[in-house]
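What follows is one chain in C-alpha cells, specifically the form predicted on its own.
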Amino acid sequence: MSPTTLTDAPFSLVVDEQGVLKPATSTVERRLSQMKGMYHDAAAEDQLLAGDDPLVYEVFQYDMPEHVGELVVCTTLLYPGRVGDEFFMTKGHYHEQRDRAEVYYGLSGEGQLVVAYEGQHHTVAMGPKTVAYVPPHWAHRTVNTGDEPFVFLAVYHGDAGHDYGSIETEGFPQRVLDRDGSVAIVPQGEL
C-alpha cells in the first residue's frame, strides 16, 4: 500500500505521569459550556456556568488516516467534579461507523464506563489496569467517580468517526450520581 494511504512506519508513543499522550497531534478541551443540557440538573449547571466554565475533560490523540486498517490512540483526562449530584462525564458518542469497537485501558483514578444499545445498558467499573471493551454499535461515555483525574487510554479504528449528535438528542438511559457519598447508577426515568 502507498504511504499516503496507510502509516508508513512503526512508531511508539509515551504517556507521561499526568496521562498526556506524547506526541499528540490533536487535543480536545471540553468545558461545561460545551456540554450544556447534558446533565440532568439544569439549575446546577447554570449555577456552575455563572461563576466559571470548568474544564471537564481533555483528550490527547495521535491522529491516523481514516482507513479501516489504522488504529487511533488517545488518552483522556476526565477531571473530578459534579454538576449537582451528577459526576463529571465525557459527552459520549456512537461511532459513525456503528460496527466499530473500542478498547479502554485505565491508567489512574476511578470511574465508570457507561454503554447503551437498543434498550440495553451497562456500566463497567474502571480503575488502573482495567481493560474495558466497547462492542460495535454501543454508545459509550465515561464518568469520573473519584476525587482525582480519571485517566484512560483508548484505541479505536481510524475510520470509526464520532456521532455526538445522537447522544445530544437521545441521552443515555442511566446516570451516574453521588448519593450520600456513594456511587449510584440511576435509570433516567427515576431522576
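Don't overthink the numbering: it's just position in the shown sequence, from 1. Model, not experiment: these values are computed from the prediction.
Below, we turn to the form predicted together with a small molecule, even though it does not appear here.
Put simply, of M64, V59, L48, A132 only one has a heavy atom within 4.5 Å of the small molecule in the predicted complex, and it is V59. Residue contact check for A116: none of its heavy atoms lie within 4.5 Å of the small molecule in the predicted complex. When contacts are judged by a 4.5 Å heavy atom cut-off, G92 counts as touching the small molecule in the predicted complex. Although the partner is absent here, E110 sits far enough away that none of its heavy atoms falls within 4.5 Å of the small molecule in the predicted complex. At a distance threshold of 4.5 angstroms between non-hydrogen atoms, Y156 is in contact with the small molecule in the predicted complex.
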